[in-house]
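Take a look at this one chain, the form predicted on its own, written out in structure tokens.
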Amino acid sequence: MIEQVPTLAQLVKQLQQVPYLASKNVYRVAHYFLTLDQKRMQQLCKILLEAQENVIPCQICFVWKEKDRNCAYCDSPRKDRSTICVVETWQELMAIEKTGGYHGVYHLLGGAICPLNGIGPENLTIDQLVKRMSSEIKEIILATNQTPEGEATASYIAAKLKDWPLKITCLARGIPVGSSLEYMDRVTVFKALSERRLF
């Protein structure tokens, strides 16, 4: 039926290519755009084009920054440059920042090693992380996701940095606050037991 309206079919087809947009919401989003008043639509399109033109990855940590400005993380006087937190994506960085408990700098990998998807170490910013190493760096926090790909990526990075005199740590693993043991999977329970600490 949608083929009877070719322009709408094209819009839906483009929306289906947007990652993370659930297929059940494609028609709702299409409806939203079609009913948006022209001034707001032009403003949205203008902002999207400006963002694509002016927002680039920092050449040191690979976090998004304005093209004509310094990196908000690398150049902040409030950040401790002796600690680097390594994350897979910008979304994980934002989750850590929201806690307000981390005061070091970051390194964004751009994903995780996943040979099945054709992503090897050369497709990530691991070599650039190694180039960042200096006597100033005291700790690397491997904050990759607790997935097979994230674990493999963390192990690969740890092996690459083994000759540097620094502390390599990872995020604590185990039972989330407020949850019950009976609902946890066995790997989570095992990690919680094996990485227990003094009470």
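Start at 1 with the first residue shown and count on from there. What you are looking at is a predicted structure, and each value in this text was computed from that prediction instead of being measured.
Below, we refer to the form predicted together with a further copy of the same chain, which is not included among the displayed structures.
Student: Can you pick the stretch from 147-155, 63-71, 163-171, 129-137 whose heavy atoms fall within 4.5 Å of a further copy of the same chain in the predicted complex?
Tutor: This holds for exactly one stretch, 63-71.
Student: Looking at the partner-bound form in the predicted complex, is residue 116 within 4.5 Å of a further copy of the same chain by any heavy atom?
Tutor: Answer no; every heavy atom of residue 116 is more than 4.5 Å from a further copy of the same chain in the predicted complex.
Student: Quick check on residue 159: any heavy atom within 4.5 Å of a further copy of the same chain in the predicted complex?
Tutor: So residue 159 does not count as contacting a further copy of the same chain.
Student: Might residue 79 be said to contact a further copy of the same chain in the predicted complex, defining contact as any heavy atom within 4.5 Å?
Tutor: It does: once a further copy of the same chain is placed as it appears in the predicted complex, residue 79 has a heavy atom within 4.5 Å of it.
Student: Consider residue 192 of the chain shown here, and say whether it contacts a further copy of the same chain in the predicted complex, taking contact as heavy atoms within 4.5 Å.
Tutor: The answer is no: residue 192 has no heavy atom within 4.5 Å of a further copy of the same chain.
Student: Pull the contact list for 89-123: residues with a heavy atom within 4.5 Å of a further copy of the same chain in the predicted complex, in sequence order.
Tutor: Heavy-atom contacts to a further copy of the same chain in the predicted complex: 90, 91, 94, 97, 98.
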